[in-house]
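Okay, so we've got a single protein chain in two different forms coming up as structure tokens, structure 1 first and structure 2 after it.
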Structure 1
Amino acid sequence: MDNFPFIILVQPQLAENIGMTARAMMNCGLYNLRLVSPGQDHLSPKAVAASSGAEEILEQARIFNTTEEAIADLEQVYATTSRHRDQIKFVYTAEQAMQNFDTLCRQNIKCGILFGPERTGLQNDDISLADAIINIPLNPRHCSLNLSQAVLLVGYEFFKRRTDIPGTRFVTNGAEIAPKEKLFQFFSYLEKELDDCGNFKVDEKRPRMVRNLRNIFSRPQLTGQELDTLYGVINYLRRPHKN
């Protein structure tokens, strides 16, 4: 069995931020939201508008009075904070933390991530309940994040471990890269046309120019259709000028 981390907002102050958090969670495939005494209604029109289509997360969110109650049934809880405070704890980056949670969730261990109120962040007492601290690596000159942005970055790191991220792809939308043979035919055609119109005037420069042109048209990994487009361009250019 498998599960996903719970996102726990401790005393979020603004409905808009709760909604934006739901949106960020949905972006990352996280659906379990818990709120500890929120300052505004998480189902208010402002919250729903800010969730931008993620109302189902708001509707299913569970409300608690205290952080203790909100994490009582969880087995591993990490607290997000940009300061380490004077607490003796393990500190993970968001990436390392979500590596751990990925493994734990696959073992069906219930994991949660605590996020503090917008202005103050998590209180020391809440942090002391957590198993470890998550510290998102950001510009030390300006590391205060909007609440939903913090949720997004942590959720993104979890999502990255849960999805088959394709390697670099050359997307041709179904069109096939032309086989080399077709490309070489195009080279011949282009070179013949250039010979005909006198482009290769200086014989000793010809081999170098030919190589340059072949490089130019090798780099884009042309499809068959794109080669046809280029044939058309050449033919068009070869027409007699109108003026």
Structure 2
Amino acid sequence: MDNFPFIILVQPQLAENIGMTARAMMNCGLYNLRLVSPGQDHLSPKAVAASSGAEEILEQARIFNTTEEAIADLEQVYATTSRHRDQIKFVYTAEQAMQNFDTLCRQNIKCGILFGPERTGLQNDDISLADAIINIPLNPRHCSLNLSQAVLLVGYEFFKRRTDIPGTRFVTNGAEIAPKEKLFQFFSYLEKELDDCGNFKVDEKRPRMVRNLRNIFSRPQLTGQELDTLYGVINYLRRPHKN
């Protein structure tokens, strides 16, 4: 798994956040976790519970004393921060950064992403070690992210490039779309019932009303089962009922 980015948490404070980070990583197919001087045990019951089944990432995580040690064997490192801190560096969105990393990782170049402590974020000294900055543009009134949320947002951008994500789908749960013939039969049935009950009172308006009704029932790609349901509703409404 060395051809995937390393997630590096610098001085994470809470075990729960380390666990939730592991969960976010697992969601995105990322398994390389490094911790720099964590404030709490990353294998504590709180961390494991928060990982929600991603404890293998916690078990395989490597611990380092300094950021320099954690990234020494990496060739490209980006730092996530909402503040540039007056440093001269390329600044990428998460999407742009992970497009770069996807290309680099396919060339077997080892890459890592730095995430700072929950309270303060990355310090200038840590950011100075990075090749570039990742900035996630959010509402300027409230752009603070939980540590695991930041990992998830960045990780998902990488995941999208390694996965064939399906586009818009129409899910019928096994039901077959009704052929046009059945839809036309339903139109005829509905229009006859409306004629019989006197709904089309003005002959001049009838063609437009019929078109509107046909448009309504043509749009949603009705299944045969749904047409049967509509037949049943109409049959029920046309029967006399006791008050």
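Just so it is clear, the structure is predicted and the values come from calculations on it, not from any experiment. Numbers given to residues start at 1 and step along the sequence of structure 1. For clarity, a rigid core is taken as the largest C-alpha set superposing within 1.5 Å between two forms.
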| task | Name the structure that is the form predicted on its own; the other one isn't. | result | 2
| said: With both forms fitted on the core, check whether the Cα of Glu16 differs by 2 Å or more between structures 1 and 2. | reply: no
| task | Examine Phe64 after superposing the rigid core and state whether its CA is displaced by 2 Å or more between structures 1 and 2. | result | no
| said: Keeping the rigid core superposed, can you check how far the CA atom of Arg211 moves between structures 1 and 2, in angstrom? | reply: 3.4
| task | Look at the Cα of Gly224 between structures 1 and 2 with the rigid core superposed and state its shift in Å. | result | 4.4
